[in-house]
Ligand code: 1GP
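Next up: a single chain in structure tokens, the form predicted alone.
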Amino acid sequence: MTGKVESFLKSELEKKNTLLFVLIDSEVSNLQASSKLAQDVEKIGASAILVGGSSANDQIEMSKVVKGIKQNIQIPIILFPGNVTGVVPDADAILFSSLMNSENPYFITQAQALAAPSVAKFGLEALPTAYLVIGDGTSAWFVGSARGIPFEKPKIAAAYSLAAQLLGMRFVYLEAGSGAKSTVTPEMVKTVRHAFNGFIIVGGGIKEVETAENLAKAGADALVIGTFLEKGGSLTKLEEIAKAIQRSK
């Protein structure tokens, strides 16, 4: 069943073509900075705030960040957990993800089984997501024991995405990783788009307007930007990216 947040994202796509998601790592940003950032990016056109990350493990701090952000914005807060420690109350939804190309079954189904009771208890809307790590050498690759899909092998990503669709997942997240040296290629996004009839999220290393626009034109439904802002990227540049991807298709 499609919930409130998923319906909102679909309605946003009808207006904006490609959405901007901003990732806030609760272990990098303090509560005051996170709240201010969330308000600022909402003003420039972000459609959702993701809270989490592959190394975030302080549940108390994450819970405080989520609660603090929620008081000041209207767009949804979506948890982006790297483990069961990333499941906290007060968010609107969660990317309920299976790291499908992990070599550790814990990240494919076991963590999800451990987290499911908390997701239900907290009333989080679950967005069923296939999480695919592209390339190697990043935190997501290392922590998730991923067998990274080579950037130049888009058909492999498409095969995983089609499998995800047949398993009932409605979201695919193509992740180059936090601070990635390379981004997911437009060719990979285009190939996955042909195979997967659902919502495609792309993240990792996106910091240039041209890069973002090319990914959007290739078929991405949402782009995730986080490290760019953590490392001092300007909101003016982020606004340029938001405007470029919203008119890209």
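Please read these numbers as outputs of a predicted model, since none were measured by experiment. Position 1 is the first residue in the sequence shown; the rest follow in order.
Separately, the form predicted together with ligand 1GP exists; it is not shown, and the next lines address it.
The chain is drawn here without ligand 1GP; in the predicted bound form, the stretch among 217-225, 185-193, 64-72, 39-47 whose residues come within 4.5 Å of it by any heavy atom is 217-225.
The closest non-hydrogen atom of G198 lies beyond 4.5 Å of ligand 1GP in the predicted bound form. In the predicted bound form, no heavy atom of N83 sits within 4.5 Å of ligand 1GP. Contact annotation: G135 falls outside 4.5 Å of ligand 1GP in the predicted bound form, judged by heavy atom distances. At a distance threshold of 4.5 angstroms between non-hydrogen atoms, F171 is out of contact with ligand 1GP in the predicted bound form. Contact with ligand 1GP in the predicted bound form, judged by any heavy atom within 4.5 Å, is made by just one of Q165, S102, Q112, S178: S178. Contacts to ligand 1GP in the predicted bound form (heavy atom within 4.5 Å) from stretch 4-24: L23 only.
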